[in-house]
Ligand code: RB5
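In the form predicted on its own, a lone chain appears below as structure tokens.
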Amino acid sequence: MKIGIASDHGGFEIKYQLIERLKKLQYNIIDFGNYVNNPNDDYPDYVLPLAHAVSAGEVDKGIAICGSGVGASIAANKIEGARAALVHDHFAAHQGVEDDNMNILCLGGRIIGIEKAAELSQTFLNARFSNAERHNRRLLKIDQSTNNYFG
């Protein structure tokens, strides 16, 4: 599985630790930056290219890390086809994929440590979309809302 990962300075250290752990588990990791710990960088510069790559199918899933995870989630969700969520618990890490076909996991680098980040990432990467009719119906409504489905 090809995994894209991106972070700004708020998630920089966790990103590099997470990359090493995921590589040991045989994941193919594509790093979207930042490549240096720059306290003046901006998360959209790294998260938006990641979200485009996920949406285009260039990577299977993505992990985006910023200080709180909120900005990364907001940025990623601006890209059509990206379904990103800020997750800090095990249930949401798998349920977001199973029910909502989440394809980008957002983490708060200043909120959780590497152990929790690794656990949540593994849960997210191992989860599979249920493809249940009710979940597909809900996702279709969300997709259609981009085209003013609700008025």
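Just count from 1 along the sequence shown to find any residue number. Quick caveat, the model's predicted, so the values are computed rather than measured.
Not pictured, yet referred to below: the form predicted in complex with this ligand.
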Heavy atoms within 4.5 Å of this ligand in the predicted complex: which of the stretches 114-122, 94-102, 22-30, 63-71 has them? 63-71
Could you tell me if H88 has a non-hydrogen atom within 4.5 Å of this ligand in the predicted complex? no
Report whether the minimum heavy atom distance between Y46 and this ligand in the predicted complex is within 4.5 Å. no
Report whether the minimum heavy atom distance between H9 and this ligand in the predicted complex is within 4.5 Å. yes
Just to make sure I understand: among 89-114, which residues lie within 4.5 Å of this ligand in the predicted complex, judging by heavy atoms? R110
